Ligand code: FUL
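Below you'll find only one chain, the form predicted alone, shown as structure tokens.
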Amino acid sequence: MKKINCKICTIVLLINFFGQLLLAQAGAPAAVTPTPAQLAWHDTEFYLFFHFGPNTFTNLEWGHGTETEELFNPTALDCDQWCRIAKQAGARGVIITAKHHDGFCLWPSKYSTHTVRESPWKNGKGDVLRELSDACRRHGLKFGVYLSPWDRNHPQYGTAEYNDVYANTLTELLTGYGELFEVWWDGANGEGPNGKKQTYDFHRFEKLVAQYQPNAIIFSDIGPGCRWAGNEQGTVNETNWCTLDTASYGRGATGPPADTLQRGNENGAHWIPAECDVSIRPGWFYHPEEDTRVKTPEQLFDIYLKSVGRGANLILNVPPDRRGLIHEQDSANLVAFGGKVRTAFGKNLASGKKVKPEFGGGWYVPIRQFRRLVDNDAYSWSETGSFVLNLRCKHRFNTLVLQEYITTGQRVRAFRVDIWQAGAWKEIARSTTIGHKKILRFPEVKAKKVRITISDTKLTPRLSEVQVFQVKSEPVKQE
């Protein structure tokens, strides 16, 4: 009789599970998904930004475009040093200001007379982009470029002909320096040397990127590859959707409001994930008076948790100094930060452990699929509503990492975390979206069993990884 009752209970539970599945899917919008290039971009996670040019030597943030080319003369430029430090910091790529608003080109462009060719550096034979792109290949780093459309030097800026000039300079970068993983545009649009502003032909520029670098992600307020996170502190909202509506918005002053950029749009029409930008110093270019104001490893780790740990990518600006080197203080803090990240996430307590569904809180899938959640493979996945992770013995931990299988879209609205303690489940944390990666911190606990429950979702949730860590971290000192 007991066996019959158990079978009946199982059948009822299964009917309930499939009923939940149908309800979750009924009337739900089709998932917006990333392109293969965007998936590769998500996996890049963290990279460095190099602001370098005449401003490095004039102590300005925005040059006037009237600076003489003779100013640019780094005495010991070493792009291999930049890349070695980037690797030690844990970065997987770099982006450089090939041309900032002052119009000075770090390569000998055919379409400008305000370039390294006119400078005394290497007797006018140098090319910073060539040296950096070659160094990136030697060190296994991805390479990207920032090319400001605003140009305070070029005499044709503010005329229809300037769009031809910009398209030509952009093409030089797209075709002359190997594969690019990102092209970076900000929204700056001021006056040129003739006092006029420019109407940028961004549709034309986007087509050039698609033609010559189809795998490159375009950054701007509205993408189309990835979006600005709405601030320059390097952080994004805890609720962070990778989708965004861009209708009626432009770049710069006409971009989406900061709150929208921070959170995205839950049912946005386009996959345009957030990229968080921040400088390791108060300024973006090198200023010697800021040598004592470099962000500490602890501050950088806190930024990492609030960017990469919330499903965004992090681009950290590290400005080379007047020698053409990463300053010693920046270097020391970056290396320490990289070590801190590697130590924090070096021992995954969940790796290879047992995972099983909790039938009262999710959808039925074969138990063997749940092993994919602890196989250290972000591209294997399981459909699940609630599951229990058995660590085999009690461990102390304070950090949980979850990853969604975003190849099929971002689905989870909210989840909670419980531990088995004194014969009952006790909630220890909860959060909202997951996306590419959610790093959730909470007060240290000691437990053998951990339960993750997807409490709200758009479509059937698909997770790829669950990881558990004991992360030691020092208090963050604010500037």
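The numbering used is simple: start at 1 and walk along the sequence shown. On a predicted model such as this, the values are computed, not experimentally measured, just so you know.
Another form, the form predicted in complex with this ligand, is not on view; read the next lines as being about it.
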item	value
Residue among E161, E232, E289, E328 with a heavy atom within 4.5 Å of this ligand in the predicted complex	E232
Heavy atom within 4.5 Å of this ligand in the predicted complex - the one residue of H101, R227, H154, R310 that qualifies	H101
In the predicted complex, F442 touching this ligand (heavy atom, 4.5 Å)	no
Contact of F49 with this ligand in the predicted complex (heavy atom, 4.5 Å)	yes
Non-hydrogen atom contact E275 with this ligand in the predicted complex at 4.5 angstroms	no
Proximity of Y304 to this ligand in the predicted complex, heavy atoms at 4.5 Å	no
One stretch from 348-356, 252-260, 402-410, 178-186 that, in the predicted complex, holds residues within 4.5 Å of this ligand by heavy atom	178-186
Within 4.5 Å of this ligand in the predicted complex: residues from 110-147 (heavy atom criterion)	Y146
